[in-house]
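A single chain, nothing else alongside it, follows as C-alpha cells in the form predicted on its own.
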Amino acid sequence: MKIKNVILRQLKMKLKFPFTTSFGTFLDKDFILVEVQDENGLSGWGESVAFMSPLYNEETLKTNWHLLEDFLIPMIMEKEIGHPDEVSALFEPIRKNNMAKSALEGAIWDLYAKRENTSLAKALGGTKQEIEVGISIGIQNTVDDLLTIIDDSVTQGYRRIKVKIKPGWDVDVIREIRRSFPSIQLMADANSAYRLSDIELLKQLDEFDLMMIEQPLASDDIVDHALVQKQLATPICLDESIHSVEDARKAISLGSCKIINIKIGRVGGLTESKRIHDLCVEHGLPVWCGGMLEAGVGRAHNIALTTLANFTMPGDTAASSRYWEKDIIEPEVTVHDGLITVPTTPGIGYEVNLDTVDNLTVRKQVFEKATLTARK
C-alpha cells in the first residue's frame, strides 16, 4: 500500500449543548480530519481528538498539525505499507503525541480495510454485529437539570449512564441520582479532579452501587490509584493514566484498577488499542471504549474497535444527534434500544459528506508524495 496524498483539514463544529467536565466547558469542537489517498484515488479517513487547549492531556490541535505536517506524514510517504500495524512501529521514534499518530494511523486502517474489501471491524478482528452503548453527561447547572437529562437518556434506551463529577459536585449528586434511578447502570467520571487526601470522600461513593469510578486521581498517576483501589469496593477505571500497553501492564501489576477505558487517540491508534485489549483479556480485566466528543469519522472508528470480544461494557459512542445538528458522515450514527448496528460495508462503513466537510473547514493543506511539500 502506497500513500500518494494526505489531506489535512481543520473543522469547527458547534455542539448542540454545552458539555462541562471538571476541567472546562466545551461549546464547539475544532478538530483535524485526515484523508489519505492511495495511487488509485481511494481514500481512508481518520480524526484527531485533540482539543484546542492542553486540558485533557498535553496535546492540542496545533501541536497535532505540526507533528503531522513536519514528521508523521513525511515518514509514511517514504514507506510502502504492508499492514497498518507497521505504522505504529514506524512512529515509535516520535515520543508521545499519541493523538496525532492515531489520526493518521486510523486513516491508513480505513484505507487498508477498503482495499481489502472488508469492514474495519473485521479487519481489526471484531466479531460483534451490534455494540452496547451508554451516554456521557457533563456537569449541569442544577441537579434537576441532570436528572431530566438522565431520564431522557434512559427513555432513549441507553444502557449505561456516565456522569461527570468534581469536588462539590459528587456524593450528594450521586445520591440524588440513585434516589430517582435506583437500578440503572451508573458510573462517575472524575477526570483527575481528586487527590489521595480525598480518599474518605471517595469511599462514600461505595454506597451507591456504581459500575466504576473513572480516573479519580492525577492523569500521570498509577501508584496512588493502587492505594485507593485497595480501600474501595467500587472498581476504579483508568483513563488518562493509560497511554500504552506498557502503562496497562504496570497498572494491572500494581492493582491500580479493575477496568480500563480504551480511547484510540489517547493510546496512539487502533494497533495499540488492540494490544491493550488483548493484555486485558489475559488478566481478566474488562474494557470499554471512551469518547472524546468525536465527529462521525472518529465515532465510526470507536464502533469498529468495540466489536472486539473483551469490550464487555457499554461505551461512550452515543448517536450523532446527541452532539451535532448535522454530522459529517452518511448515514449518521444512530442508537436503537441502546445498541448500534455495526456497518458491514468496506472500511469505516460510513460515507464522508464532502459538502458538509467543506462547509465546516477553516483550514486545509494537501501533501503530495511527489514533492513532500504542502500546498494551501
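In this text, residue numbers run from 1 along the sequence as written. Keep in mind that what you see is a predicted model, and the values were worked out from it rather than measured.
Keep in mind that the form predicted together with 2-succinylbenzoate (OSB) is missing from the display, and what follows is about it.
Listed stretches are 23 to 31, 306 to 314, 336 to 344, 61 to 69; the contact stretch with 2-succinylbenzoate (OSB) in the predicted complex is 23 to 31, by a heavy atom cutoff of 4.5 Å. Contact check for His225: no non-hydrogen atom falls within 4.5 Å of 2-succinylbenzoate (OSB) in the predicted complex. Taking the partner from the other structure, 2-succinylbenzoate (OSB) in the predicted complex has a heavy atom within 4.5 Å of a heavy atom of Asp189. Residue contact with 2-succinylbenzoate (OSB) in the predicted complex: Lys164 places a heavy atom within 4.5 Å of it. Interface membership of Ile199, defined by any non-hydrogen atom within 4.5 Å of 2-succinylbenzoate (OSB) in the predicted complex, is ruled out. This chain lacks the partner; the member of Ser153, Ser136, Ser241, Ser273 within 4.5 angstroms of 2-succinylbenzoate (OSB) in the predicted complex by a non-hydrogen atom is Ser136. In summary, among the residues Met292, Ile149, Ile184, Leu210, the only one with a non-hydrogen atom within 4.5 Å of 2-succinylbenzoate (OSB) in the predicted complex is Met292.
Shown without its partner, the chain has Phe51, Tyr56 in segment 42 to 73 as residues with a non-hydrogen atom within 4.5 angstroms of 2-succinylbenzoate (OSB) in the predicted complex.
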